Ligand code: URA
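Here we start with a single chain on its own, the form predicted alone, put down as structure tokens.
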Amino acid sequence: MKAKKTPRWLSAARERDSSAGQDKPDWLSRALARAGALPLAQAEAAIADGRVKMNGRVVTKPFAPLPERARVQLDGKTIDVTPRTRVLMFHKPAGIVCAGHDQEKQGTVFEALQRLLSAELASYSWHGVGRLDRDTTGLYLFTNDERFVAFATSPATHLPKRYLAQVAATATDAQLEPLRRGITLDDGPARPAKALLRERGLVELTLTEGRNHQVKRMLAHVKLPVKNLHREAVGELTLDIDIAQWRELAAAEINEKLGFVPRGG
């Protein structure tokens, strides 16, 4: 059986990640939050209150540098702050926002996730990876590792995102051709996209950048207004859980399907 060829974007992403250089020294509060000891705001408060020791000494500054292999204690209990990348897949429902607060009081992805997590996982500070519009459903990622956020959202990574759009008009393959060549939007040129007509009124669009409302704006440019939008894949990772559910990715999935080398994996 012929081996599957590694996509060009995945090879480039791995090369970019492996050549990014050594991590900068971490700071204490972020290390505690990343390790799941306390959410970031609580970690900062615990440090300021004198509840945290580093190498046997009380530290009261949340941004104190964390030396490599330092011994950290919280309320007398030793905490393992070895960096470990964790990534969660979440099936975002419509109606909630990918932000910390929702002015319309309909809810956020963070609130939806927190209700589902165990006490152990809820103690992490989870970062959302990019954004989906309120009415867009589908694959959304959370992580405890800021490096993964930067990697996955950087235009230089070319991490593909695949969307399914129900459009309000009868689409033709000819209408999609400009998207394959690359069009110019009001905020500048858009990269060429992979555009397929799956069936009547259903367009598959794969982008390698993530600008605001980009899928909707690109399809509107070719006279195909979007009625419903769903993200079904990021990189080679395909959504495989029910709506409003989550699961944790294995280290191999993070590496092989997203092109990122996880810490401690």
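Numbers follow the displayed sequence, beginning with 1. None of the values given here were measured: they were computed from a predicted structure.
Another form exists, predicted together with uracil; not displayed. Remarks below refer to it.
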(request) Give a yes or no for A195: in the predicted complex, does one of its heavy atoms lie within 4.5 Å of a heavy atom belonging to uracil? (result) no
(message) Even though the partner isn't displayed, in the predicted complex is D102 close enough to uracil, meaning a heavy atom within 4.5 Å?
(response) no
(message) Is V234 near uracil? Define near as a heavy atom within 4.5 Å, in the predicted complex.
(response) no
(request) Considering only heavy atoms, tell me if L132 and uracil come within 4.5 Å of each other in the predicted complex. (result) yes
(message) Using a 4.5 Å heavy atom cut-off, which of 184-192, 116-124, 133-141, 149-157 contacts uracil in the predicted complex?
(response) 133-141
(message) Just to be sure I understand the contacts: of A31, A46, V215, V222, which is the one whose heavy atoms reach within 4.5 angstroms of uracil in the predicted complex?
(response) V215
(request) Would you mind picking the one in A37, V59, L229, L66 that has a heavy atom within 4.5 Å of uracil in the predicted complex? (result) L229
(message) Only counting heavy atoms and a 4.5 Å limit, does any residue of 191-209 reach uracil in the predicted complex, and if so which ones?
(response) none
